[in-house]
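Consider the single chain below, provided in structure tokens and representing the form predicted alone.
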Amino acid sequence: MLVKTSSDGIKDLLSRYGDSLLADTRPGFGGYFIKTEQLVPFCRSLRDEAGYDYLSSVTGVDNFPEDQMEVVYHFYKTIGGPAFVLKVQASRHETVIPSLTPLYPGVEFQECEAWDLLGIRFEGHPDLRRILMWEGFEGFPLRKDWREPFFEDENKPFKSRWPDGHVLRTEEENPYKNNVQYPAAFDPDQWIPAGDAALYEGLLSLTKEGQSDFKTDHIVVNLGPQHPSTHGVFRMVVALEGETVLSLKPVMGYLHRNHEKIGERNTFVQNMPFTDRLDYISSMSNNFGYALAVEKLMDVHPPERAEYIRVIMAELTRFLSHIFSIGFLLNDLGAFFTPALYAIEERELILDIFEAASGSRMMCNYFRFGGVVRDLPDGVLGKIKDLVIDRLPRKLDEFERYLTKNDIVRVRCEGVGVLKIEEAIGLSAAGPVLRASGVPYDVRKADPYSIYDRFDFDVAYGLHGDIYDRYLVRVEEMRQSLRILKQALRDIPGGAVMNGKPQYQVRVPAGEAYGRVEGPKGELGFYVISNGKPNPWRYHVRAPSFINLTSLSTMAKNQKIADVVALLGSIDIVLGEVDR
């Protein structure tokens, strides 16, 4: 909900809960600890009285070898401003924390993720189950004492690779090439999957509200995971009455590779190219968010020219992501591949710029802590100007002439999949999905980072929260990106693009940091904890595609089955970011 608050609201709240709150005084850390039994009432007051109506990120942390698990919450106000960081701790052996889904339903998948990977049980969660690992998986892989089969070393670089240089695939030492471990007394030959039964049971329990007066059969239909409309290996389970959707459950995890576990074994620098693999359409934005988080810990600032290059790359990324998204939304509506091919043509021209700057078209690995890896080659700024001033505005106008007033597009999109303003905020929606519902919340304006406070641009938002408004918001955001790009190209200075010398290893002081950017799909955040060693102790990704899927069930209710495909396209997910 949108709440009017006084500037003293948070002070009054902190004073009232003083006995239950404790400031985090660890060097390099911030925020407040709260007692477990006071978590829910405090968060209710934080939302209703202090105006922190948007719970963006939930992060589980294992404080091993201490007998302690921790959950870190990042709250924001949709009217803008910095985060309020709240933390709660519990025993590693019996980690039970109250669920915040009754207050902030958008944490549903985030709490499931913390249970799935860390074993943190959220009491009162409506559907707590594994969503990324399969239900027969042994243990909780993000715990620091968890070991996979053929465990070699805790951190990279592995000694067998460097400095010794004796490369050996550890599974070669096992004659059966078997790298699977099962829970005690588990027999895979006798196993009957219980996960789908729990999924269907939860799905059918949601259908009662949507039942009509007629006695009709309900049928459960699976779309995916191998299906051309699901944008990757993703599955939607729907309960239908005729062609009307009574309830829907997203099913993910088919592409899960435990990105965060690998990230905690990588060095800080090794993680930069690894972020490219999240939203593989938007690698420059992924680099940006991670760089900001580590730079906060290191207290380094890029040179002026590097800041402008970063913004140029981020806004080109936003344009190519949105035009790609619109092309494939039309694909989902039935305009088979023609609009998508027109969109891909413009994307390829932007990827030419990325390749010239970074050496790669998609996995760019271009940002570094303190700047970018190299300056733009001669002639590249001229090519960017040609695109920004001539080609891209002209092609965007052409897209709009074909699509914006197209009768078929409007009939299929207007009034379909409406997400109301209170629902969008409560469900932690981000990016165009949130703004299309009437919430003009953009991290570039609400909590500016880098040099975005220097640019004149408007936040695009809708009024109806339907598929059509999500399309219109993306179109307007492309125009605003071109506006920012013109200013950046006009003002970019000369000089260095890196603060200091390039480093293969960096010294990161102990502490925590949360770096977030307004990526094309919404808020992309990286929560990083350093213990002063070369590898992150905790590396967590607030993935907008993953969290935006929480809204899909609400959007789909009482819609037609044919509209579900278009709804998924309007959210604009990338499975590399959903599953990680």
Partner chain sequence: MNGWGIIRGLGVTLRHFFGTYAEDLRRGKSRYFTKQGVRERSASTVRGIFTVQYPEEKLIIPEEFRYLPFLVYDELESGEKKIRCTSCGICAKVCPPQCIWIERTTDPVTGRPVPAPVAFYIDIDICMNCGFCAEYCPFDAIKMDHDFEIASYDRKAEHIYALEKLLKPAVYYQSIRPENFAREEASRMEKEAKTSSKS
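Numbering follows the first chain given and starts at 1. Here the structure is a predicted model, which means the values were calculated and not measured.
Not pictured, yet referred to below: the form predicted together with the partner chain.
Novice: So in the predicted complex, does any heavy atom of residue 394 sit within 4.5 Å of the partner chain?
Specialist: Taking the distances in the predicted complex, the answer for residue 394 is yes, it comes within 4.5 Å of the partner chain.
Novice: Just to confirm, residue 77 within 4.5 Å of the partner chain in the predicted complex by heavy atoms?
Specialist: Answer no; every heavy atom of residue 77 is more than 4.5 Å from the partner chain in the predicted complex.
Novice: Considering only heavy atoms, tell me if residue 496 and the partner chain come within 4.5 Å of each other in the predicted complex.
Specialist: No, residue 496 stays farther than 4.5 Å from the partner chain in the predicted complex.
Novice: Is residue 359 a contact residue for the partner chain in the predicted complex, using a 4.5 Å heavy atom cut-off?
Specialist: Yes, residue 359 lies within 4.5 Å of the partner chain in the predicted complex.
Novice: Please identify, from 85 to 93, 473 to 481, 266 to 274, 433 to 441, the stretch that has a heavy atom within 4.5 Å of the partner chain in the predicted complex.
Specialist: Flagged stretch: 266 to 274.
Novice: Given that the partner chain is left out here, which of 450, 406, 99, 487 has a heavy atom within 4.5 Å of it in the predicted complex?
Specialist: Among 450, 406, 99, 487, a heavy atom within 4.5 Å of the partner chain in the predicted complex occurs only for 406.
Novice: Which residue, 125, 156, 249, 218, is the contact with the partner chain in the predicted complex, using a 4.5 Å heavy atom cutoff?
Specialist: Comparing distances to the partner chain in the predicted complex, the residue within 4.5 Å is 156.
Novice: In sequence order, which positions of 497 to 514 have a non-hydrogen atom within 4.5 Å of the partner chain in the predicted complex?
Specialist: Stretch hits, in order: 502, 503, 504.
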